[in-house]
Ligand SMILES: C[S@@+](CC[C@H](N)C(=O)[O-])C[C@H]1O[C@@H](n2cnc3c(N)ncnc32)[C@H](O)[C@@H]1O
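In structure tokens, the next block holds one chain alone, the form predicted on its own.
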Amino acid sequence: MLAESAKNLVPKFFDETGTTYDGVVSYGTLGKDRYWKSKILEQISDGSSFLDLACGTGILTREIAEKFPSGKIVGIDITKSYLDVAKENSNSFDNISFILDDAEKFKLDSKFDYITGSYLPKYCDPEILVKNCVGHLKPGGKIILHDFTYPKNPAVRGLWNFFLTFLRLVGCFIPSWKDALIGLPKLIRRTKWLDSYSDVMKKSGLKVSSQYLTYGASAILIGTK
């Protein structure tokens, strides 16, 4: 029920924010988005085929394409306005293609060495998403998921709560981002995505590892087939 209700928030949060997303995600994470994506890239050591789910404006998609210029990179997102920005910002890349689709429902003829998804897990049903990813993964391939987590350390949690409250206040003054900046803190506090996806990946026969980032403000989960 939580995943379904969270997924319904996506159009409410993001339909009108594609052109301003890159700046907001940078400032809204105090610049940590770039660092977190670099940690995702560290988990990608080789390969020729890559699928970036919830690719948004293509920030991570392009970083993968730059690291693997001879690879084939596909970005999927459910929000057309974000894909329009991604395509415009990726004109110089001939190894990227973008598809408008749902991360839980897409069906492609290809299988991939790596499947990534940043800020995606909290919106999806882990059973559905992992099953779909495993079906599109090559033997030995990896699923790499990243998202916010609610810090366990009391001191860090206090700072995180202060920052989330600040974001809520900022949202009151930016009409296009109001719903997202007010609603996301609530979603981040209640999501247990890391534990639930870890359990599902293990049940699916994947070898699982995880890594907390920035004192537990986000995490990366890796499942290897």
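Just so it is clear, the model here is predicted, and its values are computed rather than measured. Residue numbers here begin at 1 and follow the sequence given.
The same protein also has a form predicted in complex with this ligand, omitted here; what follows describes it.
Could you tell me if all three of I59, D101 and Y119 have a heavy atom no more than 4.5 Å from this ligand in the predicted complex? Per the other structure, all of I59, D101 and Y119 touch this ligand.
My question is simply whether V10 lines the interface with this ligand in the predicted complex - judged by any non-hydrogen atom within 4.5 Å. Heavy-atom contact with this ligand at 4.5 Å: present for V10.
Is T79 close enough to this ligand in the predicted complex to count, meaning some heavy atom within 4.5 Å? Residue-level check for T79: yes, a contact with this ligand.
4.5 Å heavy atom contact, C124 and this ligand in the predicted complex: Because a heavy atom of C124 falls inside 4.5 Å of this ligand in the predicted complex, the answer is yes.
Flag A54 as yes or no: does it have a non-hydrogen atom within 4.5 angstroms of any non-hydrogen atom of this ligand in the predicted complex? Contact check for A54: yes, within 4.5 Å of this ligand in the predicted complex.
Stretch in contact, per heavy atom within 4.5 angstroms of this ligand in the predicted complex, of 130-138, 70-78, 149-157, 88-96: Of the options, only 70-78 has residues within 4.5 Å of the partner.
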